[in-house]
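Look below for two forms of one protein chain, each set out as structure tokens: first structure 1, then structure 2.
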Structure 1
Amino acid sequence: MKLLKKGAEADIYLTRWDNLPAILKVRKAKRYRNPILDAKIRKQRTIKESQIISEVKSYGIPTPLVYYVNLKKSSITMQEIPGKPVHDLPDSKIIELSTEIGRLVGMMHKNGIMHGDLTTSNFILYKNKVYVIDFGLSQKTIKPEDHAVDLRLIKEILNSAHAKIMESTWKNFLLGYKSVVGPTNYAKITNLVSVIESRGRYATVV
């Protein structure tokens, strides 16, 4: 088995499943974390991820197919998406794909799913299709506040990692998002994003 990536939470291996290339995602125990807390987090996230990654498929969101879940080892074996993370694409491509990303996030929210970790590394472009991965922090929730937390996170990432193209990507993202959730929800949720931002430390108080 080849180690592909040491992610923040899990080690990602390239393996085979039924003779097909597959990804093995293992949430290894973290030495720094108290064992009781660590065990709880790893188990909870493995369950959440495997459930929701499958559920969102029925809403038309491209995600890897889950092959096998091993709760004892907190590992998930899933389909390999051999594309490139949006994070690593050229700026012009990221700007272009932002609308689609916004649309996908809108579809999740419309169906009561919060992704919880919306970064540009968690969208993979493969054969002209954008796949969503890493549902470890996802939640089933219809609360507009939770959806707003999702939007704030991707906004923060665009504003930091992609500062040069922040304006156009964010505009496109919102365009795609609005086209799915509709103008009423759009207004409500983007308004809540401002509310969350205003709660931030040393935010400019008008």
Structure 2
Amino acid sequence: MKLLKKGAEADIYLTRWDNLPAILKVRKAKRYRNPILDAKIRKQRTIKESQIISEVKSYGIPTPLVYYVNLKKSSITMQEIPGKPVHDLPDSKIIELSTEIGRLVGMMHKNGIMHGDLTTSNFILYKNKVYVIDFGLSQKTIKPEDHAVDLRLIKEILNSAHAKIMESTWKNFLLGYKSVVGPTNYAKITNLVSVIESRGRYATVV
């Protein structure tokens, strides 16, 4: 077993399942929380994440297969997607794929799922298909405000990690997104993104 990533919420390992490469995600105990409460929170979040990964797959969104959920250890063993994170692809490819990414996010939102961590590292290109990973912060919500928070985050990521191609990628993303959620919801959610941005812009530090 090889440690791939240490995160604030969980550690990610490369392991094997049924002799296949697999990913093991282990939620870490928080020492500042009451141990009983901590165990309950980690268990609930592990259940929710594994359920959402499987649920979004039923909407036609490519996600890893969940192999095994260990509630005692608050861990999920899932399929390894051996492709490349969109974050690491050439600019021209990121621009090309951003319409599809927008479409996938639109499908999640249309079905009442907020991803919660929309970064270009959480989309993986494998065999010409874009997979969505890391549903650790996801939640079921139909609130346009929550969906706007998702869009605001990916816009920020494009602005910081892919500044040179920000305009093209964002434009394509919105085209894909609108094609799924429809013009009415699109107008409502993108307007809320502007509202969130204006709050940040005029916030004063006391």
Partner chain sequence: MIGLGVESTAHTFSCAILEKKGKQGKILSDVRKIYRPPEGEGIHPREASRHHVENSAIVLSECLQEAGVTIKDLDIVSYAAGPGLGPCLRVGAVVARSLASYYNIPIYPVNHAIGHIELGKLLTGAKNPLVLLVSGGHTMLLAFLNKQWRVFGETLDITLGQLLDQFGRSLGFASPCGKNIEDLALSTSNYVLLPYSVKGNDVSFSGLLSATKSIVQKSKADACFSLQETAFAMISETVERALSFTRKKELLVVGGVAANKRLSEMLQDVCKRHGCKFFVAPQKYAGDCGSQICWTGLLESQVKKGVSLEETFVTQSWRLDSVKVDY
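Along the sequence of structure 1, residues get numbers from 1 upward. By rigid core we mean the largest C-alpha set that fits within 1.5 Å across both forms. These figures come from a predicted structure and were not determined experimentally.
Between structures 1 and 2, only structure 2 derives from the form predicted on its own. Once the cores line up, the CA of Ile189 ends up less than 2 angstroms apart between structure 1 and structure 2. When the rigid core is held fixed, the Cα atom of Arg27 travels 2 angstroms or more between structure 1 and structure 2.
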